[in-house]
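Following this are structure 1 and structure 2, which are two forms of one protein chain, each written alone as structure tokens.
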Structure 1
Amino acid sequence: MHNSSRRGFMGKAFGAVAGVGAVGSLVAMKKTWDPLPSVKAAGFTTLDMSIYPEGKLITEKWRGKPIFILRKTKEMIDSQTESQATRDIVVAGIHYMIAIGLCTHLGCIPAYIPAEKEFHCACHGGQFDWSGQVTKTPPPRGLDIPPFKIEGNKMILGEVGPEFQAMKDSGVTL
């Protein structure tokens, strides 16, 4: 009898040590999956939208990806269709096309042709209009819009604001 209670105690003690070790291992694994503080800090980019010239494509960088910013001209705004207008990002009353500058087909960087007001992807012949919508396949969808938040004249890339959430909910972007 005395031996059996000792055996039970040893089993429970071993189980408790194994449980603590398993929890410690899981906590350590979770910490390795979390991004480093330097990576988290690089996840946000603040842009002053008032500096971009009208009708000229400017490329910024966010998380190692090119971000196309095109401040739309009055002619662009007046001639756009309803589906093109849904992709507009309005900051302080100014309309912009902002998109991740990677083709949604295979990730090539499309070139902007100002005379045609189009993006051409040289890899497989895909084309996008000045709002980022597909005009010639093979790209399966328009240029993706990065997560953003608008604060006055500034835009914060990498943070989800109500404007981006509304675009995502309506299916304009992923």
Structure 2
Amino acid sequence: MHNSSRRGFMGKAFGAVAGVGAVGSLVAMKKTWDPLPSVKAAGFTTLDMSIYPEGKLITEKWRGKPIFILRKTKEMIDSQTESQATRDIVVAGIHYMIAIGLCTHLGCIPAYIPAEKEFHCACHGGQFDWSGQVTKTPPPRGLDIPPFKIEGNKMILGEVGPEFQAMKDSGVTL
């Protein structure tokens, strides 16, 4: 009895030491898999917004992801529905559609079909209109808008400006 209670204590003592060690190693393992500081530091891209031609989709790169930039034509701006207009981004008086070019379903790049002014995703058949709103499932929502900050006619992707914050707060993008 005396012995077994001593063994019981030793077992519990070992359990405590092992438990602390296990938690510690799990933290280390989790942190080891986090994106590296160099990866995070490279997560900002500055764009000169004055160079984009009207009505033509241009793809830029930010954090390895394609960024769709479409300077809207006059017909587009005039015909915008209320919900399409909520996604409108205005830099120095010019209207743009700006979005991360990855389908919100599972991340393929939808192709822009200029004739139909629509995006079609080849992977699982999702579709978006020219403003980035979803028109055919499976994507659960419109194309995501990257965090942006407007400075004059420049745009910094990766920083959160008041215009982006407003879109996020109103639920236009995630």
Partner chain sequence: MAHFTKATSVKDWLNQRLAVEKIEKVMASEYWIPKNINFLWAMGMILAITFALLLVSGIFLLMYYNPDVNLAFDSVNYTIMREVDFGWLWRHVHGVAASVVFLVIYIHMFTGIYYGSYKKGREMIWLSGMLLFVTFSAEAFSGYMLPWGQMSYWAGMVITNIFSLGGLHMDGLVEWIRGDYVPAQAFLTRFFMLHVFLLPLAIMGLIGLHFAALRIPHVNNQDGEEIDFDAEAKKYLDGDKAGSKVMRFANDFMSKDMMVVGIYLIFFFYLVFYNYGFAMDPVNFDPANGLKTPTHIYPEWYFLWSYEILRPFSINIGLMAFGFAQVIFMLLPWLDRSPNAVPASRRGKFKIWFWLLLVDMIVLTAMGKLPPQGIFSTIGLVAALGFIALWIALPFITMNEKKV
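Rigid core (definition): largest C-alpha set, two forms, superposition within 1.5 Å. Reference numbering: structure 1, starting with residue 1. These numbers were taken from a predicted model, which means no experiment stands behind them.
**Q** With both forms of the chain shown on their own, indicate which is the form predicted together with the partner chain.
**A** The form predicted together with the partner chain is the one given as structure 2; the other form is structure 1.
**Q** Look at Lys56 and decide if its Cα position differs by 2 Å or more between structures 1 and 2 after superposing on the rigid core.
**A** Lys56 C-alpha, core-superposed: shift of less than 2 Å.
**Q** Relative to the superposed rigid core, does the CA atom of Ser25 travel 2 Å or more between structures 1 and 2?
**A** Where the cores coincide, Ser25 still shows a C-alpha shift between structures 1 and 2 that is 2 Å or more.
**Q** Tell me whether Gly15 is among the residues that move between structures 1 and 2 (Cα shift of 2 angstroms or more, core superposed).
**A** Yes, the C-alpha position differs by at least 2 Å between structures 1 and 2.
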